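The data below hold one chain only, encoded as structure tokens and taken in the form predicted alone.
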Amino acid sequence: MTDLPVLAKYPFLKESKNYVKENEISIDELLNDSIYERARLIGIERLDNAFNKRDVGNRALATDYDCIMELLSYPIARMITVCIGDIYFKRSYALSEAVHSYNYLINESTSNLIKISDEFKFNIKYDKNNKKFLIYFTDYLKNAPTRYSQWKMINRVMENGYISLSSKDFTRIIQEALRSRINNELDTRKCSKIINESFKSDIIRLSKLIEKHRKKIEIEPMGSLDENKLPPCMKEILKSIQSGENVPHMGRFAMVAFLNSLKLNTSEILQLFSTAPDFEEEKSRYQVEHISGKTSSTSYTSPGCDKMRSYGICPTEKMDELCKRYRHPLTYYKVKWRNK
């Protein structure tokens, strides 16, 4: 697992970091030496692709030089992302790196998948007879994208604490674990002055693109919806979704049910969700239509305030007087309309 193509494809591995350390490549050399100019250009390319394509992009890895430049472009892209400092862009970039790795991982052998998963210290086994991965339920709950119904525990087979997964689903678990790791690392890093100066023009350019995108996705009244009258809980959920936060399933459910009760149609609801970095239209449409009763026998109503608190999606510190007076988000919204 230490050959250069592998390190280039999976720059998040410890072996990849060790390669850079062992070759004693300094930050000053990486930023100024002409031999690393291609790595710097690829680093910027990763970010442009993350913004436009939700994948940092593929490049030829035909030679050792190709692989080294690809490997070194990864820390450059991360450092620039930290200096840009926008939470939405951080989440978009982390997802793009994770998706990029997933597209490689999906074609890996079972043995290589297991080796790469060691990076995340999963408690796993491999069932050779059924060709299934077995992951301990705590690791599953921590990393599975449970915002989608097919990943909920109730829809999975568990035996002796282990959940059975296909190779494809196990690869998706690795993607989520990587996305979460990059998110956490980006959030805890501080912008380096030398990075800020070296990539000043690109940081300004990308920041302007992000700001333009933000203005484009600002919530506008649609039909009967007025964002200014949303209760604090719904404002927070929507803000988190559009910032790329991993909103729990109940948060998304509550938002969709709330919007459906206000008579927004599927397309209007999807429009609000579409700006999230992890938006997948087909899956989101299925969930919206199921909650709204178009493909199920029940049209769900948004949970009341007590349930919102029990689910941990009520921002109690942001409650206003109207919140304290009424016990349901819909009542809050309707009272604001009447007051108007």
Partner chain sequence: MDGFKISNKSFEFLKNIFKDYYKNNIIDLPDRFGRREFAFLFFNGKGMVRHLSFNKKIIFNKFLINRYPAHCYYSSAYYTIPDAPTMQEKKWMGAELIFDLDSDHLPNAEKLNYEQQLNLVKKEFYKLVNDFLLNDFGFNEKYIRLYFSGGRGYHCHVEDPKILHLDSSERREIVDYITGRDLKEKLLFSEKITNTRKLKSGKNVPIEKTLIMPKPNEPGWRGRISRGLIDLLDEIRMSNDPVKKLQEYGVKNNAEKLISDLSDERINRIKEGRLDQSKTIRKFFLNNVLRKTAVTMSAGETDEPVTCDIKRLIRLPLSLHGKTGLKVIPLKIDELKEFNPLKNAVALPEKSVKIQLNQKFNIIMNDEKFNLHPGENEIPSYLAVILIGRKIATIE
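Residue numbers count along the first chain shown, from 1. Definition used throughout: the rigid core is the maximal C-alpha set that superposes within 1.5 Å between two forms. Note that the coordinates shown come from a computational prediction; the quantities given were computed from them, not determined experimentally.
The same protein has a further form, the form predicted in complex with the partner chain, not shown here; the description that follows concerns it.
Heavy atoms of every residue among Asn123, Val157 and Arg309 are located within 4.5 Å of the partner chain in the predicted complex.
Ile204 falls outside the set of residues with a heavy atom inside 4.5 Å of the partner chain in the predicted complex. Within this chain, Leu141 lines the site of the partner chain in the predicted complex, having a heavy atom no more than 4.5 Å away. Mapping the unseen interface onto this chain, Thr298 counts among the residues with a heavy atom inside 4.5 Å of the partner chain in the predicted complex. Within 4.5 Å of any heavy atom of the partner chain in the predicted complex lies no heavy atom of Tyr104. Among Ser261, Asn265, Thr146, Ser192, the residue placing a heavy atom within 4.5 Å of the partner chain in the predicted complex is Thr146. The partner is absent here; in the predicted complex, the one residue of Lys128, Lys208, Lys200, Lys152 having a heavy atom within 4.5 Å of the partner chain is Lys152. Only one listed stretch (105-113, 175-183, 81-89, 129-137) carries heavy atoms within 4.5 Å of the partner chain in the predicted complex, and that stretch is 129-137.
When the rigid core is held fixed, the Cα atom of Tyr311 travels 2 angstroms or more between the shown form and the other one. Here Arg327 counts as shifted, since its C-alpha moves by at least 2 Å between the shown form and the other one after the core is aligned.
Compared with the form shown, the Ile87-Tyr311 C-alpha separation increases in the predicted complex, the change being 3 Å or greater.
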